[in-house]
Every structure is written in C-alpha cells, then in structure tokens.
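Take a look at this single chain, the form predicted alone, given in structure tokens.
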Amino acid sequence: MTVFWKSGLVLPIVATTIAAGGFVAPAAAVEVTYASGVVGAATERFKEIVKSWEEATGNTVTFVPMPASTSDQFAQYRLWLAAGNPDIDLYQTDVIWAPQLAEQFVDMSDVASDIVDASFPAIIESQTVDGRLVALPLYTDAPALYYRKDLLEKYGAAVPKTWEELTETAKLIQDGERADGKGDFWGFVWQGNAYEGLTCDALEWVKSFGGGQIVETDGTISINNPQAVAALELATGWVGTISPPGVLAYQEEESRGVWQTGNAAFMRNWPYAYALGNADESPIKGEFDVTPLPSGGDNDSSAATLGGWNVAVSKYSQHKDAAISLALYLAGPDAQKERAIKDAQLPTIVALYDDPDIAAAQPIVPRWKEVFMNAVPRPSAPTKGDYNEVSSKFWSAVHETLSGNGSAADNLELLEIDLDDLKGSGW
C-alpha cells in the first residue's frame, strides 16, 4: 500500500505513484459501492465530492441510496452485514451505530492517524470500540431552532428562549398569517414520526426540562420523572394547534418541505436544511436564521441531540484497499471543506472552523459551535447492544403520548418497566 499527500494528510491507496497533483493511479481500477441514506441533495452532492477521487484513482463509486429513516437504514445494514454481503463496500453510519456494528467493520486505527489527530477527540472516541476505529467521521451534527426573521419583526416578537415562549410566539404568528389569508400556515414543524428522529426530538425536550437522558451514563434508567412528563405534556399540546396533525408522520424532509415553502414560523432541524433554505430557488432565502434550541420548565439549559455521520468499510468487501482509500478521502479536509461550503455540514476537523473560505460561504458554520456546545448524546454507550431497542421503546412511548393514547405519566411509567426488563442484571 503506497501513499499520497493531500491537504497535509497521508492517505493510503493501492496504486503506482504518479506525479501530477500528488494523487496516484490504481494498479487495477475497481468499482466500489457506497450505501447511504438520502435527504435533500445528498445523492447529487456525493457524486460531486467523489469525482476528483474517481478521476485521480481510476476507480468508480456506485451510490446505493437508502431510506431517509435512520431506523430503516440500520435494519437493512444489519441484515446485509449479518449475511456477510460482499456487494456493499462502504456504509455511511450514524454516530450511535458503532458499538452495535463494530465487529462487521474494518479497523482503520493505523491508516487514519492524521485524521484522528486533526479531529474532535470526542467524535473519534464515539467511533472507537475496544480500541478499534471502526468508522471515520464525515461531519458532525446538532440540530437548531430555525426561525423566520421577517415574521418575528412583523409581529414584534423576540427569538424564543424557552419552549413555553416558542409555543406562544408560534401561535401569535400562525394566527396573524392565517388572518392574512395563509390558511396552510403553521407555527412550528418538527419530526414526530415513530422512528429514531423522534428519539432525538424528545430527548431534547426532556433534557432541556431537566429530565435527564433516558438512561444515564452509569446505566441508571431515569426517564420516569416529573420533568420528563412536563416536557411531553407541552409537546403533546402542540399537535393540531401550532403544529399540523400530520406532524406525527413527519421526518426531516417533511418538516423541511413545510418550512421551505414558507408555511411555518419555526422549525427544528439539522444543519443540512440551512443551505437548502438559502438556495437561489428557495422562497425563504435570506428570511430566516437559527438559534440554539429552547430550554424548558424552570431549567435554563438548552439541549441538542448529538448527531453526525461516519463512513465504515465492510470487512466483507472484496475491494478493501480502494474502500479504505475512499473512506480516508471522504473524511479528509478537502471533502469536509466542500461539504461545509456547499451544504453547511459541520466539520469534525477542528481547524476547519477557522477556515476563511467556509466562513465566507457559510457564516453559519462557525456560529454552530454555540449549538454544538449544548449537544447531548443519546444513551448508546451505556446501553451498548440494547440501544436500538431502548430507543424504539422510547420513541414508541413518546409517539403514543403525542397521539393521545395514554398520558405522559402513564406511558413513561410503563416505559420504565419495559426498560427495567430489558436491562435485567445489566446492559
């Protein structure tokens, strides 16, 4: 395995060195497959980003689109990996999946030392299992509250700092816009479908109310408490009032669809929606901004679920060298910078937050540090291989509550019993 230099990183690839540009030509070109969920312009952007790698190496990349739902993605990945499927070389993975899929992925600790040294340590740690670096970070993620600057000014309202203020302000703007003839206008859109996204939303409500993280870092089940009940009761009151009844089926793209057409005052979503909302063809270009998610109850702390996506190489790949080379390129500074500039995706390489090109193209990226400081992890570390079931039970209890099927207090009490049974003598 020889190497080439690119943006100060030494990246391995099977090849014979060529002089131009520091890239290398492959000994024998291969086709590698890359599986990833699709939101927004993900497919088109991926093709743009990998083009230079394809041209330099002679290899080609086939993009395998997966459902937008992370829950559906994980289920399909697990099936393919359990079967030892050699047809997928690389998987784009959620930050929470490393402990559950680690044994199926190649350890990249030795080949990725430069990326490791340049990245936020906590993010590298999240992808390291038993000393094995099983996925490389592509971008990190933390959601924010999107708000319409023009409408806040129109109605003389301030950016809400608490969920209670958001509820009032969303109702004020919604009533005013509907009185002006916009019958389809809503105050607040978010992700209410029964899937991993609802775990993220609801964790933010609960944590910001001072209700803990579902399961704490020491494995204690904490979800059944008055603060968590209060958070879910407030959110239940949004459905059909400031949020459409259909929000209970919304994922990220459905929320963005309502927001970007100009039919919502507020939206909870991830950074990818920022660049899309400011695209030339967007009806709300220049009319919105973002702020950290609100706090709730008597608590004064915001909470934003730590997200982020990574790339892992399947141990069943028949083209491991080329797949590792692509993974290193995608996690490297050039690709991370391109994603930041074009899609406002948050880099995991620390130095890029001071990059003037990124700041000029996407001023929101440096500002997102404030959001990132309030990031809260999902309880995948303490629950280990049981996380997927823990999350499923949590989002199901929340969805039942939001749908009016049982009270928040009753559903969280039942959830605690279920999680106790799942935990048994230990996670």
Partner chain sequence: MSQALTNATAAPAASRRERSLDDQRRRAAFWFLAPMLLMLFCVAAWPLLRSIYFSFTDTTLTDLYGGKWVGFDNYLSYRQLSSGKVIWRGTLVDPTWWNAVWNTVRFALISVSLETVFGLIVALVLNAQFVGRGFVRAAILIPWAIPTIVSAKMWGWMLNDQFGIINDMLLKLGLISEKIAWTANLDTAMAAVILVDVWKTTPFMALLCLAGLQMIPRDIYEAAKVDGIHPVKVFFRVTLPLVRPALMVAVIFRILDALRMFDLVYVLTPNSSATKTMSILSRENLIEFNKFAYGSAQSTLLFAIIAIFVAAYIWLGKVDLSGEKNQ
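Everything numeric here is computed off the predicted structure, so don't read it as measured data. Positions refer to the first chain, counted from 1. Rigid core: the largest C-alpha set superposing within 1.5 Å between the two forms.
The protein also exists as the form predicted in complex with the partner chain; that form is not presented, and the subsequent description refers to it.
- Although the partner is absent here, residue 82 lies within 4.5 Å of the partner chain in the predicted complex, judged by heavy atoms.
- When contacts are judged by a 4.5 Å heavy atom cut-off, residue 78 counts as touching the partner chain in the predicted complex.
- Heavy atoms of residue 403 reach within 4.5 Å of the partner chain in the predicted complex, making it an interface residue.
- In the predicted complex, residue 254 approaches the partner chain with a heavy atom inside 4.5 Å.
- The putative spot formed by 71, 194 and 249 is fully lined by the partner chain in the predicted complex; each residue has a non-hydrogen atom within 4.5 angstroms of it.
- Though the partner chain is absent from this view, in the predicted complex it lies within 4.5 Å of a heavy atom of just one residue from 92, 104, 348, 227, which is 104.
- Put simply, of 283, 121, 245, 237 only one has a heavy atom within 4.5 Å of the partner chain in the predicted complex, and it is 245.
- Screening 194-202, 147-155, 113-121, 126-134 for residues having heavy atoms within 4.5 Å of the partner chain in the predicted complex returns a single hit, 194-202.
- With contact defined as any non-hydrogen atom lying within 4.5 angstroms of the partner chain in the predicted complex, the contacting residues in 359-394 are 385, 388, 389, 392, given in sequence order.
- Annotation: Cα of residue 282 displaced by less than 2 Å between this form and the one not shown, core superposition.
- After superposition on the rigid core, the Cα of residue 72 moves by 2 Å or more between this form and the one not shown.
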